[in-house]
Each structure stands twice: as structure tokens, then as C-alpha cells.
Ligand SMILES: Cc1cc2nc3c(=O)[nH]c(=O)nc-3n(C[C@H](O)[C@H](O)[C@H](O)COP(=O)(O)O)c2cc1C
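Consider the single chain below, provided in C-alpha cells and representing the form predicted on its own.
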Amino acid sequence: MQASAKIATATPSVSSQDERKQEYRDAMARLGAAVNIVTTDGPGGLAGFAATAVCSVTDDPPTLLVCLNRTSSAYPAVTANQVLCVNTLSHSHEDLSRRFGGKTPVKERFEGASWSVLETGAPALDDALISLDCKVRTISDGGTHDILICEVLAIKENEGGQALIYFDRRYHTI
């Protein structure tokens, strides 16, 4: 005879929409993620932003998902260029992440780091743990963000290094 598992049910709290948004943000702060700088260049211009909302979709063809806030200063360039490079950061890139995550002017974001290009022309950070050079295939509505489905065209990997993670509203190294 199998033992049945007891599952406790929690009663959700009744809250306003603003409280629910804050509750959600607090919960997502507890969801650790790799820190990335997503870059683009082309007819729409040079741009980049810090992102943790990046994940693998499939390996056939190699595809990943990137979420981009429609109010981001990088939004017009990314959507016009239709190419991007996801650069996964190491522990030594915390200051660079802060530059790309703030209101720093675009040109200044790229200063103080060494960049090259792979296949699409989007900047690849030379000492990133990994750079995934992509063509945007699909853009879907995700509320305040667009969900970009991107085919990976080229990959550059650097050996060693510790990953920069964002968890509980702070940077960590693993």
C-alpha cells in the first residue's frame, strides 16, 4: 500500500495590485541568475544593457530567449538591428554591469573594456565567460517587456573565471 503525501495549502494573501507587483518583485529577487551584458550594433546604432532574463530555449537550432524592457534606451537599436550578443559576465565585471544597468550614456558604457565582433557585428566582450552572437528571429509581447527569441550563430567561450550572479538584489560570485 502506498503512503499518500500530505500537501499543505497556503491561503494567498489578499492584496492590491501595487502590493502584488511588489510581492512579485521581492520573490523574483530570490531567483538567482547569471549577469549578462546584451549588445547590438548596426543601422539602428550601438547599444547595450545588463540583463538577467536570459535563458536557453533549445539546441536544435541553438536558440535562447532574452527579455528587453520597452522603456530601455537600448530598445530602439536592438529592435532595428535585429542582432545581439549575450555576454555572460565574470566576477571581475561588476562595475561594467553597473554601467550597462544604469543611466550611463551609451558610448561610456563600452569604454574601459575590450570588445570584438563575431558574426553579426554586435560587440562581444573579449573576456566574457561566454559570448553568444545571435540573430533575433521572433519578438513577442511580454507586458512591459518584449521577449526576443534569438538563434545563436556564433559562440566564443573563455576558460576559467567565476560567474557573476545577481541574487537578493546584490551581486555574488560562484
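Predicted model only: the values in this text are computed from it and were never measured. When you see a residue number, it is the position in the sequence shown, counting from 1.
Another form exists, predicted in complex with the named molecule; not displayed. Remarks below refer to it.
**Student:** Which one, A50, L46, L118, V136, lies within 4.5 Å of the named molecule in the predicted bound form by heavy atoms?
**Tutor:** Flagged contact: A50.
**Student:** Tell me, out of A113, L129, L64, C67, which residue has a non-hydrogen atom within 4.5 angstroms of the named molecule in the predicted bound form.
**Tutor:** If I apply the 4.5 Å criterion carefully, the residue I get is C67.
**Student:** So which of 55-63, 119-127, 101-109, 23-31 is the stretch with heavy atoms within 4.5 Å of the named molecule in the predicted bound form?
**Tutor:** Every other range fails; the passing one is 101-109.
**Student:** S92 near the named molecule in the predicted bound form, any heavy atom under 4.5 Å?
**Tutor:** No, S92 stays farther than 4.5 Å from the named molecule in the predicted bound form.
**Student:** I'd like to know if S72 sits close to the named molecule in the predicted bound form, meaning any non-hydrogen atom pair within 4.5 angstroms.
**Tutor:** S72 belongs to the contact set for the named molecule.
**Student:** With the partner left out here, which residues of 142-166 have a non-hydrogen atom within 4.5 Å of the named molecule in the predicted bound form?
**Tutor:** Counting only heavy atoms within 4.5 Å of the named molecule in the predicted bound form, the contacting residues of 142-166 are H145, Y166.
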